[in-house]
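The form predicted on its own is given below as one chain in structure tokens.
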């Protein structure tokens, strides 16, 4: 067994958590922000301290490579992401990167030889909160997203991805895409749900990820005075949008047991207390492990928007801005992780994920699986996100053992 250094692992986690830490002990480190630049600089420094070959590609993905004993062997890819949600938690993404970093440090401590090279990665803009779509760095790397298109995507202030990369000095020179075939990939992440905690388990071996679609809707009404304007003549964009918000929530009961639906963004204009709203923009997120159900949900949302807007006499624009099919991870990598969990003595179970991850795209390129550690109360994407440190350490132990087995596989 390779032994992690628990004290170093936690100290590293706390040090990284200071970059973008909020007053409520969360994390506000949006993709390609100054805080993201600072944490990337720290990550690169830590990779260089291990003597790794560091490279940065044109979308800002950061890689570090530890060579193996067989120069012709296909590498193992490990890591996750360091960007966060707005006022999100410290564990989402970051714990996966630092578990991978601790793995390489533990190998270095004990002089562990591995046949295959190991590459650690920090993917750019996994969250998709500042720039859409999510999973941008891994999507471009695997060819699932067009690089030139995503470089031109802009945030709410009109700053493009390319401009933001230039501002923080992380538009690298390396071509975006694999330089060679990979043997396998493994990502550790917090569960972002309650199942592991409810069952008293420390580790989940993830065998698949839900499919999902994102929609953006803009409802166009007419602004008018809130006092003199009679109710019968109004074209209130917010009334129509509100009807859709309620309908989206109720859709989760109509299609399949695993369906989840969310309206996560809503902007009202002109935003005055005594003016009838003239325009509302909102987003819809629909998910299921069944891709056909995701398609049905998208059509159902479109019908609800059309009906609500007809009822209120307003116009609308609707765009599907992202869709990703469900992912079935590699049985080989998942079985390796299950065997590693048994060897370490960690309490564990196999499961699927309702959240999207970079591993979903990476799975299109090479055999991939994930490890989950519990999220207290199932909370995530907010400052209260928390994982008990004993579970984080247990996940890291399983991660190290799994990576060792993958890196020495024939």
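Basically, rigid core = biggest C-alpha set you can superpose within 1.5 Å across the two forms. Residue numbers count along the first chain shown, from 1. Everything numeric in this text was worked out from a predicted model, so none of it was measured.
Form predicted together with a further copy of the same chain: not shown, discussed below.
K.L.:
Choose from 381-389, 342-350, 358-366, 31-39 the stretch whose residues reach within 4.5 Å of a further copy of the same chain in the model of the complex, heavy atoms counted.
P.N.:
Single hit among the candidates: 381-389.
K.L.:
What is the one choice in 239, 300, 162, 168 with a heavy atom within 4.5 Å of a further copy of the same chain in the model of the complex?
P.N.:
The residue in contact is 239.
K.L.:
Counting any non-hydrogen atom inside 4.5 Å, which residue from 145, 201, 318, 259 sits next to a further copy of the same chain in the model of the complex?
P.N.:
Here the answer is residue option 259.
K.L.:
Does a further copy of the same chain get within 4.5 angstroms of any non-hydrogen atom of residue 283 in the model of the complex?
P.N.:
Result yes; residue 283 sits at the interface with a further copy of the same chain in the model of the complex.
K.L.:
Would residue 234 show up as a contact with a further copy of the same chain in the model of the complex if we use heavy atoms at 4.5 Å?
P.N.:
Flag for residue 234 set to yes.
K.L.:
Could you confirm whether residue 178 comes within 4.5 Å of a further copy of the same chain in the model of the complex, counting heavy atoms only?
P.N.:
So residue 178 does not count as contacting a further copy of the same chain.
K.L.:
Would residue 75 show up as a contact with a further copy of the same chain in the model of the complex if we use heavy atoms at 4.5 Å?
P.N.:
Output for residue 75 is no: heavy atoms all beyond 4.5 Å of a further copy of the same chain.
K.L.:
Even though the chain is shown alone, can you say which residues of 257-287 have a heavy atom within 4.5 Å of a further copy of the same chain in the model of the complex?
P.N.:
Counting only heavy atoms within 4.5 Å of a further copy of the same chain in the model of the complex, the contacting residues of 257-287 are 259, 260, 261, 262, 263, 264, 265, 266, 268, 271, 272, 273, 274, 275, 276, 277, 283, 285, 287.
K.L.:
Does the distance between the two CA positions of residue 311 reach 2 Å or more between the shown form and the other one, the core being superposed?
P.N.:
Indeed, residue 311 is displaced by 2 Å or more.
K.L.:
Checking residue 281 here: with the core superposed, does its CA move 2 Å or more between the shown form and the other one?
P.N.:
Yes, shifts by 2 Å or more.
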